[in-house]
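Next up is one chain by itself, shown in structure tokens, the form predicted alone.
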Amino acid sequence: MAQLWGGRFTKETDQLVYNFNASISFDQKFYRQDICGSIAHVTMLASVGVLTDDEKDQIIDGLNSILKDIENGNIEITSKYEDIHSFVEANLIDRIGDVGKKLHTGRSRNDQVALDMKLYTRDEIVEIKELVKELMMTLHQMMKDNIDAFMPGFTHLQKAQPVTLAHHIGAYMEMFKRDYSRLCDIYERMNYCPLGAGALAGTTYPLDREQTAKLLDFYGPTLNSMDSVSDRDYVIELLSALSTIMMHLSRFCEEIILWNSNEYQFVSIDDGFSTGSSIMPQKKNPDIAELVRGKTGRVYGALTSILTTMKGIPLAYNKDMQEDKELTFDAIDTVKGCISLFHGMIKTMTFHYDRMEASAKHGFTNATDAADYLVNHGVPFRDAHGIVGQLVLLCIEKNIPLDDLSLEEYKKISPVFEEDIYEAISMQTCVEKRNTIGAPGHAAMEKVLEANEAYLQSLN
């Protein structure tokens, strides 16, 4: 057992206890962050005179050789070591001798793991932001391509009023813009360096924490050593943001699953993102959309788990905090995979525009506009509402949309109707006259597209 402690113990840790306590099986993901943090630490130690320049150079060369060997597959991270910190330090001592024992001067595993977790989380936020940005760019292009593609808008899963596909997709564009903003906020709030906090009360060595923070691209050092080693707010914030991303993906997937059904036939999912049945040869299942929807609960579980773990922990560091890693790693990997697969699925989907427009017509989504027509011709709204209700009943009996009723049938229910009713309730008119900002009208959507274009270009 390779451990960084043991001087005050009189016998070896029980193997089961060791295995239960060890974190090497999952915190080995930190190898790059752990080595980078160690290089910054010894660079600072040399600058304040705790190490000589020669000692610093030997340690850094040793650390870089370990990093190279890990990435080339020349060295394996095994359960012989308790955690990634003991792996790196033990291998460093093997390579450069007693000088390697000075690596941990002025440092505790408590502030070391806090640093590693922050560096890892920060790196992952950058990657997730890029995935969300790429998804938004595709959604933006889909909006541009479908600004005049009519479809029903829904409330209560009932057809309500006509919109466009661009407008519908635009709702998700707004959701993912907020998701991107949340990721940026988390990065800004978390980007302060805990290294130098020690176990919980700092150290007597003359550390230059500002220098360490600068070397690792933090905005500065954290300002309370107890909080530094026990803070996992940024993990909770990230898991909350990831849960919200998954909720948005899941909602969109639910709609795609409905749209892909035989009853809707609004879209066809590409064969590359569908699967078949082992018994029913006609089946083409939207498995990717269903799996994204299903994996949302997995990410929610990670958030609930870390909240539950942290709620009763007194200051400062406690071993409970080791539980933050596996669930965070899993949630990050799940979200990245889901965004990528969802992105691929929607890029290759085929939309059936005639089916979507026909569905809007047969769903009487223009009924409100028929009532507005009557109001504009002097009929009180409550009376107009009742008249159009009668028209809808007639259409249901005849299995036709409002557009296909004859003028005679219109006039039979209300003599106010004239030939211009057909223009008033056409899908194009219904959508086009809704041009307040945020509405589906062409002019309004053009303004939104301009705003989105500028937004996407502004993203770093």
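When you see a residue number, it is the position in the sequence shown, counting from 1. Nothing here was measured: the structure is a model prediction, and the numbers come from that model.
We do not show the form predicted together with a small molecule, though everything after this point is about it.
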item: Asp83, heavy atom within 4.5 angstroms of the small molecule in the model of the complex; value: yes
item: Distance check, Arg109 to the small molecule in the model of the complex, heavy atom within 4.5 Å; value: yes
item: Ser23 within 4.5 Å of the small molecule in the model of the complex, heavy atoms; value: yes
item: Asp34: touches the small molecule in the model of the complex, heavy atom cutoff 4.5 angstroms; value: no
item: The unique member of Ile245, Leu303, Leu135, Val113 whose heavy atoms fall within 4.5 Å of the small molecule in the model of the complex; value: Val113
item: Heavy atom within 4.5 Å of the small molecule in the model of the complex - the one residue of Gln322, Thr334, Asn260, Thr203 that qualifies; value: Gln322
item: Partner-facing stretch of 338-346, 360-368, 83-91, 235-243, counted where any non-hydrogen atom is within 4.5 angstroms of the small molecule in the model of the complex; value: 83-91
